[in-house]
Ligand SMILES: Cc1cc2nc3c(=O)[nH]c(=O)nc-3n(C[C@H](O)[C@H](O)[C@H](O)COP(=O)(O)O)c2cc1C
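Read the single chain below, which is given as structure tokens and is the form predicted on its own.
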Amino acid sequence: MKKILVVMGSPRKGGNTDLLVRKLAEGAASKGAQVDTIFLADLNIRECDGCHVCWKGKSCCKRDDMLGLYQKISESDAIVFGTPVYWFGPTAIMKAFIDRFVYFNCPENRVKIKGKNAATIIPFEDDDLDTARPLVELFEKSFDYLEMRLVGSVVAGGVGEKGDILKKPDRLNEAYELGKRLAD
């Protein structure tokens, strides 16, 4: 059974990002995957200050909720990163989460992330797909650097109001199918 960690980076429960990641989780569960969803807004994740203690194989000096997430990340077969576009990038809480992946830079920790599958869910208000391009590229470059495999992305424009994604059944189905692929 595949373990999929869904990371919800939107502070708005019941919003477009949440609805899309729930649909992805539903697709994964339909194939027998174990899905664990975390809401970053419910956690205390501090910024990385670049001390590089983790590069030396030591525990992060920040005593926050990220310390417990490293084990969940390591034990998962796939990680789903869900965040709306905020100023051409991820939400601040998602960015703090991503920044703390510096933990995986040292050889002892790299093996915990290398080869892991990843997927992204990226809704945004604008209809111009170029609005999401910097965020899409941030994820692509980050996954490449960490030696993770991007299985797929759902990029959904034109969904600024809470629940707008419900008017786009094709995007919801795309998320469901992506969840199934992650579970295979």
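Start at 1 and count along the sequence shown; that's the residue number. Because the structure is predicted, anything quoted here is derived from the model rather than measured.
There is another form of the same protein, the form predicted together with this ligand; it is not shown, and what comes next is about it.
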| item | value |
| --- | --- |
| One residue of T131, T37, Q34, S30 in contact with this ligand, assessed in the model of the complex (non-hydrogen atom, 4.5 angstroms) | T131 |
| Contact segment among 59 to 67, 120 to 128, 22 to 30, 43 to 51, judged by heavy atoms lying within 4.5 Å of this ligand in the model of the complex | 120 to 128 |
| Touches this ligand in the model of the complex: I98 (any heavy atom, 4.5 Å) | no |
| In the model of the complex, V85 touching this ligand (heavy atom, 4.5 Å) | yes |
| This ligand contact at V159 in the model of the complex, heavy atom, 4.5 Å | yes |
| R12: touches this ligand in the model of the complex, heavy atom cutoff 4.5 angstroms | yes |
